[in-house]
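Taking the form predicted on its own, here's one chain by itself in structure tokens.
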């Protein structure tokens, strides 16, 4: 791979893309569990409803043109299960045809589609039958996957079975802040197991239809650090949380086994070796540890019950609200940590909530620098999909103005798109297939000595402590 002091070049086959999900951009998803939760209230910022979202069901091609203008050669999108299978015994051929049109439109623009088959939402008929807590959910998902992949297998090579399974488990079944709003450890384990089995069933189904397909999943990865580096228990908590949230499902998909720390080992033999590639969704760092005072509640019951700390430290850049620290080096560390799975890697999501676009140009530059470092160390990263192309409906955050992720701003009322400066930054990088000193000097000159201080082909950089 060619490297110059003033230009960090990526492999010639590198995929430059963006990522979206169906419910967040298509609009008018009347038949899934999130739409029902929005109507019921209590889950979304100011009880907002997704409504028309970005109106992709009618105008996706307009945004595909924007991708092409940026020089993208890849895009990750999802299929809405509730659209194509509105009832257990009924398929919507018009919906399937519309997805075929979208895929064709991407290919016509020389943009390779990566298709996600499940991105948080489910049909209402599935919700009525217990959702992912019902063991039959694996078969329901397999049937849906078979129908979609049969339709698109001659056009799509890259398939993502499930997006962020542990996020769905944690938010919907443990923390209870997403529908169905449960707070149950037992339900969380059951759902995690069924999602893992569903991924495995989808993997084998897809390969049965097209043996040359490339199948993976998108795994949300957090950089967990000890809150107090001088306290051993905080290191222990960080390692435990990292194992559960970051590696449990990946281990199952690699080996067929998932072992809970200090707990049971689950054997899911059908899941072994069901990753042709690994998708990494990376956004942030959190600090974790034990609240010593609250730990003493064991002996002094009047003290508060919460003994774990999760948060951020003052003095470090962070996102809005409870969003974690912006920590580019964490992407490099994450890639190095998952390299042992021995699979090609895609960054299937990476982005920042930044409505004024003050921090997104730097975010893109610094994270791509860390990605480039990983490639220099022979970690097989094959592509990068920025989250997101356009502002969209951001789940529990709805249309909260503080949670705008788009390279293009979107006025939800008028559907007008406004390019942000970060779209120009990303477009230049994609078109040149490199991160150049000239670009960094124009958009964020303070970064030049940090990124281009050495000839990286001769002297590899080390991760800096922050």
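Positions refer to the first chain, counted from 1. These numbers were taken from a predicted model, which means no experiment stands behind them.
One more form of this protein should be noted, the form predicted together with a small molecule, which is absent from this view; the next part is about it.
Asker: Go through 196, 163, 274, 223 and name the one with a heavy atom inside 4.5 Å of the small molecule in the model of the complex.
Answerer: Checked against the cut-off, the match is 163.
Asker: Which one of 346, 144, 283, 173 is close to the small molecule in the model of the complex, taking close to mean a heavy atom within 4.5 Å?
Answerer: Partner contact (heavy atom, 4.5 Å) among the options: 283.
Asker: Looking at the small molecule in the model of the complex, do all three of 6, 366 and 452 come within 4.5 Å of it through at least one heavy atom?
Answerer: No, the candidate spot makes no contact with the small molecule.
Asker: Are any of the heavy atoms in residue 394 no more than 4.5 Å from a heavy atom of the small molecule in the model of the complex?
Answerer: Residue 394: yes, in contact with the small molecule in the model of the complex.
Asker: Tell me, yes or no, whether residue 119 is in contact with the small molecule in the model of the complex, where a contact means a heavy atom of each within 4.5 Å.
Answerer: Within the cut-off, so yes.
Asker: Though only this chain appears here, would residue 405 touch the small molecule in the model of the complex if you measure heavy atom gaps against 4.5 Å?
Answerer: Yes, residue 405 is a contact residue.
Asker: Tell me, yes or no, whether residue 159 is in contact with the small molecule in the model of the complex, where a contact means a heavy atom of each within 4.5 Å.
Answerer: It does not: once the small molecule is placed as it appears in the model of the complex, residue 159 has no heavy atom within 4.5 Å of it.
Asker: What stretch, of 121 to 129, 275 to 283, 253 to 261, 144 to 152, brings heavy atoms to within 4.5 Å of the small molecule in the model of the complex?
Answerer: Result of the contact check: 275 to 283.
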